[in-house]
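The form predicted on its own is given below as one chain in structure tokens.
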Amino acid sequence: MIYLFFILTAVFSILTYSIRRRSVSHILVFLYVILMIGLGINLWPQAGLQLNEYFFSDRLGLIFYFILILVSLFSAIHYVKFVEDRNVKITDVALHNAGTIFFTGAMVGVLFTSHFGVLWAFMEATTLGASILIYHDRNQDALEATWKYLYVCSIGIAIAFAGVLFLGFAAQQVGHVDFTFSAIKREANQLNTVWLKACFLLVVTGFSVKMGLVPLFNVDIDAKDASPSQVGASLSSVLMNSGFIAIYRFYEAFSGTSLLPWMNKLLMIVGLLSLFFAAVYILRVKNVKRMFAYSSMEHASLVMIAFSCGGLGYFAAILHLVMHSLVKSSLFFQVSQMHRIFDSKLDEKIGSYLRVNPLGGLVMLLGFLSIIAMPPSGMLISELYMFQALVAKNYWWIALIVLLLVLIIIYGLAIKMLGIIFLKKSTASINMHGASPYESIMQLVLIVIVFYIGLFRPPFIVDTILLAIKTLPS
């Protein structure tokens, strides 16, 4: 089934690019989402099982896969309105939709492959797919962001490939050539730790470009700003999840070795540095899309910090990624509507949004409360778990640093978001034809899911995450 899915991905992508009718192009994307749902139904009963030589039905992959389906569906719906509003040329629509299918299929490969080499290949494919989407508007900013993304991501993927090569050198020294996750994990204690350290360092450095972390985070910010908002939603949610799972695969494979404390320290350093840069930049930024991009960097940082603590931190990191994907997608979707109404992405030209567009303003308000972890947001739960994990490790001073940086970020977000939502600004020009209630209702659905998780902590979600991380050391 998985091979058939990738064959159909290629077929759908080619057809979508070849057929130059807007309605047919959009329909093909929706049919592809239905195909994804079918694959999910097929894989769920096989959770935890190996499908073939290169793929498996992994529980963590399934968690992120169903988020990918949801975000892809909502993104496709929003793009229909985007095309209608801007009267986008059919050639651009066809290329964008074909790129969307290719990009999504590549992320599916990242989530379900059980082979390090194939993982790297699919991650490289996400770069090509994302570049097509970033260049959508065909202007100077989009061109510059696309070339930056291609160039820096290619460097990052090349660095990660060097890490894969080092893992290969280590495996060859003991006469082991099987590059599957399970085989490497089984033999990891026999592998040279120097090669493994070099591998993990290069992998974290290279794939940081997908999560928006230090050191290769700048290109991710530019890409989210220059691309359509629905593309920014994907880059801030499902692609971030793909970047995390790529790092997670190496971490899990090496977690049974003496490298575990060293890997945790590395992830902690990456998380703290990224959180510091997010705090610095979010105070200065005036562009709403860039503000949300730096907010995504903040939450990716918190995920790394939580994950580096082990134990409860593993659970907190994955739960946080799940809820961040939903909230940040809804906020980026809403930015598209806000841009149509105010014809600007600058916070100084957007005001009284709750009065101008009540449903859209409610999305912004609830989304803002969610990303700063205010009750009843489920993100409060995951962040409390993170601090609990830090305290359990006696990382009191790190917890204080994280708390200080998070408070700085909350302050930076609050002065901008509250001004956008409530404050009337004389520079704002308003076009109410840009308002779209049905779009805002879909965004509210995503945020309500996050509130539901925070209030009730449904056993189904909790148990699935616990099963996904049970192979990690306690």
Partner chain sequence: MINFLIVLFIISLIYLAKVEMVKSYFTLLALQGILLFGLAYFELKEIDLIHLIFILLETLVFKAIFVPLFLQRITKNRNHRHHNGPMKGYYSVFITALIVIGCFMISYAIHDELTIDADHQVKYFTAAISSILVGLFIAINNRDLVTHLISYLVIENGIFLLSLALGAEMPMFVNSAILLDIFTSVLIMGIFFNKMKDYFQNADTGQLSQLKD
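All of these numbers come straight from a predicted model, not from anything done at the bench. Numbering follows the first chain given and starts at 1.
The form predicted in complex with the partner chain is left out here; the points below concern that form.
Engineer: Pick from 273, 143, 401, 392: which has a non-hydrogen atom within 4.5 Å of the partner chain in the predicted bound form?
Structural biologist: Here the answer is residue option 143.
Engineer: Could you spot which one of 359, 285, 372, 83 gets a heavy atom to within 4.5 Å of the partner chain in the predicted bound form?
Structural biologist: The option sitting close enough to the partner is 285.
Engineer: Okay, which stretch from 327-335, 253-261, 236-244, 133-141 lines the partner chain in the predicted bound form, with non-hydrogen atoms inside 4.5 Å?
Structural biologist: Partner-contacting stretch among the options: 133-141.
Engineer: Would you classify residue 292 as touching the partner chain in the predicted bound form, given a 4.5 Å non-hydrogen atom cut-off?
Structural biologist: Because no heavy atom of residue 292 falls inside 4.5 Å of the partner chain in the predicted bound form, the answer is no.
Engineer: Find out whether any non-hydrogen atom of residue 168 is located within 4.5 angstroms of the partner chain in the predicted bound form, and reply yes or no.
Structural biologist: So residue 168 counts as contacting the partner chain.
Engineer: Residue 311: heavy atom within 4.5 Å of the partner chain in the predicted bound form?
Structural biologist: Output for residue 311 is no: heavy atoms all beyond 4.5 Å of the partner chain.
Engineer: Given that the partner chain is not shown alongside this chain, does residue 154 nevertheless sit within 4.5 Å of it in the predicted bound form, heavy atom to heavy atom?
Structural biologist: Looking in the predicted bound form, residue contacts with the partner chain include residue 154, since a heavy atom lies within 4.5 Å.
Engineer: Check for me whether the partner chain, as it appears in the predicted bound form, comes within 4.5 angstroms of all of 388, 445 and 455 - heavy atoms only.
Structural biologist: Negative, none of the three is within 4.5 Å.
Engineer: Counting only non-hydrogen atoms and a 4.5 Å cut-off, give the residues of 184-206 close to the partner chain in the predicted bound form.
Structural biologist: Result: 192, 194, 195.
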